[in-house]
Each structure stands twice: as C-alpha cells, then as structure tokens.
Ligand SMILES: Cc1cc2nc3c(=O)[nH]c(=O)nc-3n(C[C@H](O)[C@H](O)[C@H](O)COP(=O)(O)OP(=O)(O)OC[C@H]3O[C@@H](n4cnc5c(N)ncnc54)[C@H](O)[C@@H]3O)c2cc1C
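Listed next as structure tokens is one chain, alone, in the form predicted alone.
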C-alpha cells in the first residue's frame, strides 16, 4: 500500500484524498487551517454551486487551454454530480445549469467530504502549515516541527485568493523548490473599482441590468444579472462574472434598463415633469444621480440609463477575490498532472494556472483535476 500526502484541505485536496483512499492507498491530508473546506463552505454565496451543466474549456482561462480541455473531457459535470452523490445528498441544476445541493447549503457539501474521509480512514492533520518537502529518494513532508515520509505528494494548497481561508500564495514556493515556475498572478471573481466620484450616492443600490466590458471598441464580455454599487465601485453576480475579462483601463458599460427601449424612455421623459419622470423607473437614489448628471435633458437621460459608463481603475484585490488567475503552468506537468521535474509530485486545483468563470467552474476544476491525479496514481 502506497502512502500519499495530500497538502491542502480544500475542495481539490479533499476530493483527491477521497478518491485515493477509495483506491486503497494510505492517505494523509494536511491542512494549515483549523477546519477542512473553509472556502468550499462559502462558495456560491454559501449555497454551494459545485459544477455547471454547460461544461467545457471555453469557460476557463489558462495558457494551455488544450490541456484544460483534456482534463475536463475525462470528468464531466455528470461525473462531478455522480462523485458528490456517491457520498450522499442530492444535487440539482437551476435554470442556468448551475448545480447546487438540494438543500442549498455549501457547508453541508464540506460535511459530506468530512464524513467520507472519516469513513475511509484518511488521517487528517489540521493546523499543519507545510514548510518544506525534502526529496531524498522518497518524499519527506515537514510542518510545525513534524515530518512524515510519503511515496507521492499531491500539492492542492490553493492560490492567493481569499487569504482569510489560508490561501495566501505561500504554497507556490513548495513547487518552486522542485524547479517549477509560477505565471503572473492576479485576482479574479472580484469586485471592481472605479472613480468614487462616479458612484457617489449609489452605495447599496442593486439593479438588474445588462453589462458589457469594453476595451477600446472591442467587446470583451456581455451579460445580464445583478450589479451592486459600492462606495468605490461595483459588485454583484454580474460584476464577478465580468471581472474574469476586465482589466484596468477597460470600461464597464451598464444598461440600467435592458428591457426598455430608448424610444420608450424618450416618450416618457418628453412629458417634462422633471425628476418625477424617473419615479418607478430606477431606484430613487440612482434617479437623483442620473438627473444631476444630465441636467434633466430627456435625450441625455435616456442615453445614460441605457449606457452608464464606469472606467475600471482596479479590483478589490486578492483579499476579496474568489479565485486566482495564474499559477503552476500546465506545460510543466505531464499525464495526470504529475510534475515533469519530479516523479511522484502532483498538482490539483487552484495552484495550477487555471481559473474558471463564475458559475461552479472553479469547483468543477478542483474535482476534475483531483480525479486526473487519482486516476494517474491508480
């Protein structure tokens, strides 16, 4: 029986540990925090969006999309649902294909993993901040003055996003010690910043709208959903999706009334009743802002409501991001995501140079990459 050390108790690490233990390996799962699956328990606004029926490499960002596609081809959305269901629970898609546990509780998904790990006899070591992996014929993993020997190691310690969950980017150094590189890192699935003067007075207002990301004359993204105005920018489901495409200098063009034609707005404002014309059109706080900005001119009012421009000045950073762009290049891994520089060293999850759109894609990559590793080690 082989002894395999899995470093990182997030979605990828737990999935990998379960699959390896089911294949009769001795598995030790090391997590630096005091709980397993802290980030998983918060996913999908706490509801647990675990995968998406519309699965494919087109929903991912990587320097090696062909390799991403190859991993996904061996682990579909249906495979993810079957894997999760094998531990218990019911998983169902919504109208947009996003798959959730029927109870809509992400922490319950984490509990499924914890119970399965316990049932399989996986040794879980919490508070284990791995400092070094020695390579002396076999692997020797060191943490907090302790060490263990292993025949193989799976690095599933996450990226830099949401440092409060223990993913601060320090795990990349464990891979770099074996000669691996790390592509440039940036936060994604994150709130976007703009000039605070452009959103002054709008904090807390949420609107159902259409949004485009423009880079010059080129459209980088278009979607429909919620936008929440913040003190210095915008948040909400639609903004998180757009953040995967937006860069500093791009312009967010927001259609605040996507179901209303400009001509209908012009007819409404032509009555000339002043700011009263905006009642029941947009929230009152937003009405005051657009009225002041246009001086009440009917054509300008209609134009601003159909195209509210916000130049992007940055993001709220890794601390608030849900995912990391960049990581260990897939080109430095071979079959089963094994290191090309050291046999027996594998990678899974967000530590790799792969991130997905909002909608269950990042969790699916965690499970799919864990499956690829477990399949190779089997």
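Since we're looking at a predicted model, the values are computed, not measured. Positions refer to the first chain, counted from 1.
The following text describes the form predicted in complex with the ligand, which does not appear among the structures shown.
Contact annotation: residue 129 falls within 4.5 Å of the ligand in the predicted bound form, judged by heavy atom distances. A residue is said to contact a partner when one of its heavy atoms sits within 4.5 Å of a partner heavy atom; residue 350 meets this definition for the ligand in the predicted bound form. Shown alone here, residue 7 lies within 4.5 Å of the ligand in the predicted bound form, counting heavy atoms only. Not displayed here, the ligand is approached by residue 171 to within 4.5 Å at the level of heavy atoms in the predicted bound form.
Contact with the ligand, judged by heavy atoms within 4.5 Å in the predicted bound form, is confined among 154-162, 110-118, 299-307, 260-268 to 154-162. When the ligand is considered in the predicted bound form, only one residue from 321, 312, 345, 68 comes within 4.5 Å through any heavy atom, namely 321.
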